[in-house]
Each structure stands twice: as structure tokens, then as C-alpha cells.
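In the block that follows, a single chain appears as C-alpha cells, in the form predicted on its own.
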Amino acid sequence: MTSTSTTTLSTPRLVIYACGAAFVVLLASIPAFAGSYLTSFVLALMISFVLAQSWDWVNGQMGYLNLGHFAFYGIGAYAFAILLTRGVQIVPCFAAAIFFASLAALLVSLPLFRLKGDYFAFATLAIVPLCELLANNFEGLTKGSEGITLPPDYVLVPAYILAALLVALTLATTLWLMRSRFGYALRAIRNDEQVAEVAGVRLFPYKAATLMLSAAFAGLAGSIQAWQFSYIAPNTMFNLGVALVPIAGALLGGSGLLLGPLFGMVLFSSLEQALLVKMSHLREAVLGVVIILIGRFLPGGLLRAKWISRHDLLSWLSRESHFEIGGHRHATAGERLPLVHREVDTDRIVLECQGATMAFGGNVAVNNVSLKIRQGEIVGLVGPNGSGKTTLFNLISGIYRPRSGRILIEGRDIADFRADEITRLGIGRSYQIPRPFAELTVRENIAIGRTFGASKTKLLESMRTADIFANFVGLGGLLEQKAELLSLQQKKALELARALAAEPKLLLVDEVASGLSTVEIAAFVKHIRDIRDQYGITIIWVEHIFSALSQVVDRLIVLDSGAVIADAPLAEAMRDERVLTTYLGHAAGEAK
């Protein structure tokens, strides 16, 4: 039974809306009462904020440190200036700035997203000086070091209005990212890219689209500022020293927070302006010291400082961007999971491995494995540590490709399938060492599985039904808890819930029962049986606790040194001398 409540605005949300409205009014009124100096300063601040916030979509939302973001600002400025000086109307010039900046992002994304971590960051750092070099040398197009002079019209106020509108659009886009399916794909990538793909997120299109989106805003910001400057040159549009300022501002305020880049850029720009007026010769040194101090003592940014997060009136500033649903529902005990019931056909083969082999250098982890899993079976997959069980799961879920042999899911060879495509075929899995999305809540973890898995449920509905899956695995009271704060067993339960939410046909369970009490093991065994009996889901269960497996499995597959040494019904496998010697030993003898 579902219960709903009337949606009301919480106090933090009212504060945000009130501050936002006041901010917009203040911005709009500045040209009316301020002089050209203050108007120009605020315009520059707004451009810097757009650069910082659009950069943070790639870093704060997706987890990729892009040090070349400023290049898109310069590309947009040059596209605008080149067309404007050739007599093109101004609106197409702005459109061209967006187009060419986005196109450049698409082109560089192809090689860049083959890199990760520091390699990605260092590769992007080279983009800005490369663009400066190109701008200096393509003199027929850019006029080289001479620069391009635009028509000397007074456009401060129109440019200011455009910048203010761009700020509003930037904030709106950030809010959309924080609450949309697209944004949750980015946060899944940021938390664990491999797990995100196995959960059903197709990685490259989201990465490329995010870089293009951030480049589009940077390019438009560059074109607005070029229009206001009336003159651009390579050393100003592709200045590496200036390029890092928006990044430093976002990190100063709090990367990944709604108001972090805005707060950081206001502080950073104000400090920079004071240094330009009073201590211009120490500007870079002082700004560098500020960045080092923030990195050392407040690595998450000022808005994540403990005194802010604990303050009654200020805590909303440091709040992470987690989904809030109106009309909360509460699952009842024993409520049926919102999964499709599949009629079991025991003659239907769900999974078949034909001589699958996987080696890492000279170590053969999976050795010529052939097996068939039929619909509705609960199969125990056992073997000593290092026998290849998890590697076989990785082959089935698409993390690895077999060196030889084939893996078929319902008759389809998955050799050319990506991990996200295999998930949407109906393969769900947990991990031996739990890998939930640590920075997201229990609700969000489950919703990601449901939204991007085979069920393809809309995000809001996934959020609202997450409590049913959480209740099923015993996490009903922890929906808004971050996954990183859960115990080891709770993380394992969360992974099971996330895998189930994806609507799997075949569920790969990797050592979920280890560490549980006798009562908890009995409850988990009942869950496994219910998953098969009530929903027709086929299960392969890797587990070292043989007493748990023996209560529920129909068949036992035993691996040793990557090879199958037994594949038989439970009672028969327990009488196999090779199984007794290799894995079961004395415990199995007692079980008989």
C-alpha cells in the first residue's frame, strides 16, 4: 500500500529560492545605478562564474579534471570575432561560437576519454597552449599575434544583459543536472566508472555530451566577453595563467556543490581585484598561496567546512545535491517487488559458456570453461580462492572479453557487446568486495540500477520505488544514508538491491552471505529462493559458506585453477572425490 503526503517547500529550499531571487534582482539592477567600472567588474565576474560552473559539470559532476576548459572560451571568442568582422549578423556569430566550441570538444573527446585520472588532466592541460600556438600561426584567419579588432561600438550594457542571462541559464542547467537521469549517470561515472557501466550507463556518450555542454557555455561566455572587449589576441584568449582562475574559484568554493563555484568565484575575483589594485606584483604568488592553503586545510572547498555544515542557517550551502521527492511513499513489510514475473521454462538456456578462457599474462584465470545455466535454476559456483569464480563473473558481465571461446546469453554471442548492453540484456550482479556508489544515498544507488538497467524505468519512479527493494534486503530505514557510511554487510545488501532493481533475468551473486549470523544467513537464503520462485530469476551464487548454499542450490559447479572439475546436482557433487579434496573437504563430509 502506498501513502502520499502533500509536497511543501522545506526551509532550506525557501532560503535558496529567496537568495536566488535577490541575486537576480541585484544583477539586473547594477547597470542602472553603477558606473562602467563596477558594471565591467561584475560582467567579468559573471563570465568567470560561467566558466567555473561549466567546468564543474565535468569535474564536480563527472569526476574528470579538465585543465583545458579555457580553450573553449578562446575558440568561442575567435569564432565570434572572425565572423563579426566579416559582416555576419551578431546572432549567427553567437551561434557559431557555441557550435565551434562544442565541435572542438567532440573532436578532443575521442582521444581524451581513453585516458583517466592524472593522464587525462595532463593531456587537457596541453590544449590551451596548443590553441594559442595555432591562433598565432593561422594569421590569415586569426591575424596572428596582431589580434582581431571588433567594431568599436559601446556594448557594455547589452553584453552585461547577455552575461546575466547566461548566468541564469547556467544555474538552471546545473539544477537540471542535479535532478535528471543525465546527471545521475555522471555521478555514477564519478563514483565508479566500471560499476556505472555494469549498472547500464553507456559511458562515452555521456562523457562526450558533458564535455560538449560545458564547452558550449564556455564558448558563449568567450564570445560575449570578446564583444565587450572589442579586441582579442592569442595571449589573452588562450592565457594559461588566466585559464586556471575559474578552476581555482570552483575548487575554492566547493566543486560539486550547487553554489560552490559561484561562492568561490565571488571570493576569488574580489581577492584578485584587490591584488591588482594594491599588490599587482604579488598577484600570482598570493593567489597561489591561497590555493595551496585551501588544498591543504579545506580540500573540499570552503562550503564543505565543518563550521558551515554544522551551522543551522548555513548548513544548506554545504549540502550535497541529492534527489528530493515530493509525496514520499513508504513500503510495507513483505510488499512485492515491482519486477516482471517470468514463467520458468527449464528447457530454456539462459547462459552458455563454450570453452571460455581468460588469461592475465601467463596466469590462466579461466581455463576452457564450458557450462549451461537453464532458466529458473539456482546454481552454486564454488572453488578455492583464485579458482576463477569472480573472473568468470567478469566475463559474463562484459568487464573482460574471453581470450578464446564464446559466452552466449539466451543464444546471443556477447563478444561484441559492451557491459551496459549486457546489463540491458538482463544480467545483474553484485561484487565480492562491495562497490556501491559511495557518495550517493541508498535510494539513489537503487534508483540508478532501476533507471539504467533492463527495466529502463523513469528516474522519479525509480526513486519512489527504491524503498521496496531497500525493505526487501533490510535497508528500509536507511534510504537517505550515504552508501559510504554503511557497514560491510549493508553495502552487500545494497548491491543486491541495486542488481535486483535492474530487472535481471540472470542474477550473479558474489559472496553476499559471508559475515552474516546464522539467522541472517537463513533470511538471505529465503531471499534467494523467493527471487527465483516469485519472479523467475535465474541465479548463480558464489559463496564460501557451504551451509548456506546447501539449503537452496539445485546444482553445484566447482572450479579449480580456472577449470570446471564438477558440474552436478548438489548431492552428487558432494560425493565427488575431486570436490571433496579440492573444496569441500571435512565440512562436506559432515554435511553428508
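The structure displayed is predicted, hence computed values, not measured ones. Numbering starts at 1 and runs along the sequence shown.
Quick note: we don't show the form predicted in complex with adenosine-5'-diphosphate, though the next part is all about it.
- Exactly one of S517, S487, N363, T346 has a non-hydrogen atom within 4.5 Å of adenosine-5'-diphosphate in the model of the complex; which residue is it? Of the listed residues, the single hit is N363.
- Go through T236, S109, Q432, N136 and name the one with a heavy atom inside 4.5 Å of adenosine-5'-diphosphate in the model of the complex. For this set of options, the contacting one is Q432.
- Contact label in the model of the complex: K492 to adenosine-5'-diphosphate, heavy atom within 4.5 Å: Taking the distances in the model of the complex, the answer for K492 is no, it never comes within 4.5 Å of adenosine-5'-diphosphate.
- Message: I'd like to know if P384 sits close to adenosine-5'-diphosphate in the model of the complex, meaning any non-hydrogen atom pair within 4.5 angstroms.
- Response: The answer is yes: P384 has a heavy atom within 4.5 Å of adenosine-5'-diphosphate.
- Message: So, Y400 and adenosine-5'-diphosphate: in the model of the complex, are they within 4.5 Å at any heavy atom pair?
- Response: Y400: yes, in contact with adenosine-5'-diphosphate in the model of the complex.
- Indicate whether adenosine-5'-diphosphate has at least one heavy atom within 4.5 Å of a heavy atom of T391 in the model of the complex. Contact with adenosine-5'-diphosphate, yes.
- Which of these stretches, 215 to 223, 471 to 479, 355 to 363, 140 to 148, has heavy atoms within 4.5 Å of adenosine-5'-diphosphate in the model of the complex? Result of the contact check: 355 to 363.
- Message: Where, within 209 to 234, is there a heavy atom within 4.5 Å of adenosine-5'-diphosphate in the model of the complex? Residue list please.
- Response: Not one residue comes within 4.5 Å of the partner.
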